[in-house]
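One chain comes next, on its own, written as structure tokens: the form predicted alone.
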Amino acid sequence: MEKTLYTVIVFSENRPGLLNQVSIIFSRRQLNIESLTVSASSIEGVHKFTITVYTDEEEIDKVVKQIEKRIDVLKAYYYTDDEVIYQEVALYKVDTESILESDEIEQLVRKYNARFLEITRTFSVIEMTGHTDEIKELYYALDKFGVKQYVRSGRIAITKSTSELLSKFLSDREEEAKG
């Protein structure tokens, strides 16, 4: 079967141990999590896990259904890249001297729409927001000058839907509770 990169978005209460419960679901199915980000959502008191994983649709459907069985999980969804808008953030640390010796690093920063986050006498930190492939391209371009440190965040994503699906889910649930 063909493997696709899926973005799984899990809405949950902010409870200790939930991250472990969710990650166990992936590991039991021998699925390697490519990236994982957890943050507050637009709904007060609700946190959002954004997880990316390569698998097939049948498997990701099972994983999402299994995640939804967790008591602290409100709802989980999965998407392909066509259905979400996503970004990652990367930081690159390079010697300031390399920047002063040549304008190539400055040109790369402009080309990739990156920016200097901090410049000291000894090192400079460049920040870039983009997709994985663009971030890696900048890494390889900067590495010829010697990247001292590099870090990349997990994916953050929002759907192309006009409304937050969880809001409709919570609204429907509230209506059911009223009778």
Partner chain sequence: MSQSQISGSQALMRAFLAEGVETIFGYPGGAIMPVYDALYDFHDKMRHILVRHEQGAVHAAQGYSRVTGKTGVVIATSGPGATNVITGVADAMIDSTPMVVVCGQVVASLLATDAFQETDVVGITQPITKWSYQIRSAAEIPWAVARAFYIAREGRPGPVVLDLTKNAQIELMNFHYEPCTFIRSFIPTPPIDEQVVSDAAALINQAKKPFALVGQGVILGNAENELLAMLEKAQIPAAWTLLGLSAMPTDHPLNKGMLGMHGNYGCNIKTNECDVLIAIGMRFDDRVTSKLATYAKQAKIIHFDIDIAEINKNVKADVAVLGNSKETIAAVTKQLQPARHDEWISSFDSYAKIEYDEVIKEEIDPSTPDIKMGEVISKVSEATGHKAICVTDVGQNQMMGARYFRFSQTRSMVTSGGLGTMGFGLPAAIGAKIGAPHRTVCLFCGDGGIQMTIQELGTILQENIGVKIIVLNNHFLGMVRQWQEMFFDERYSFTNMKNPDFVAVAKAYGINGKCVSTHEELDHAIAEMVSNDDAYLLEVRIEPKGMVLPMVPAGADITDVRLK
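Numbering follows the first chain given and starts at 1. Owing to the predicted nature of the structure, the values given are computational and were not obtained by experimental measurement.
What comes next is about the form predicted together with the partner chain, which does not appear here.
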Answer with one of V89, V84, L74, I99: the residue that has a non-hydrogen atom within 4.5 Å of the partner chain in the model of the complex. L74
Contact at A40, M128 and K136 by the partner chain in the model of the complex, all three, heavy atom at most 4.5 Å: no
Is the gap between T50 and the partner chain in the model of the complex 4.5 Å or less for some heavy atom pair? no
Is E58 near the partner chain? Define near as a heavy atom within 4.5 Å, in the model of the complex. yes
Please run the contact check for T162 against the partner chain in the model of the complex: heavy atoms, 4.5 angstroms, yes or no? no
Would S35 show up as a contact with the partner chain in the model of the complex if we use heavy atoms at 4.5 Å? no
If contact means any heavy atom within 4.5 Å, which of 107-115, 138-146, 61-69, 120-128 contacts the partner chain in the model of the complex? 61-69
Enumerate the residues of 19-57 that have a non-hydrogen atom within 4.5 Å of the partner chain in the model of the complex, in sequence order, or give none. N20, Q21, I24, V46
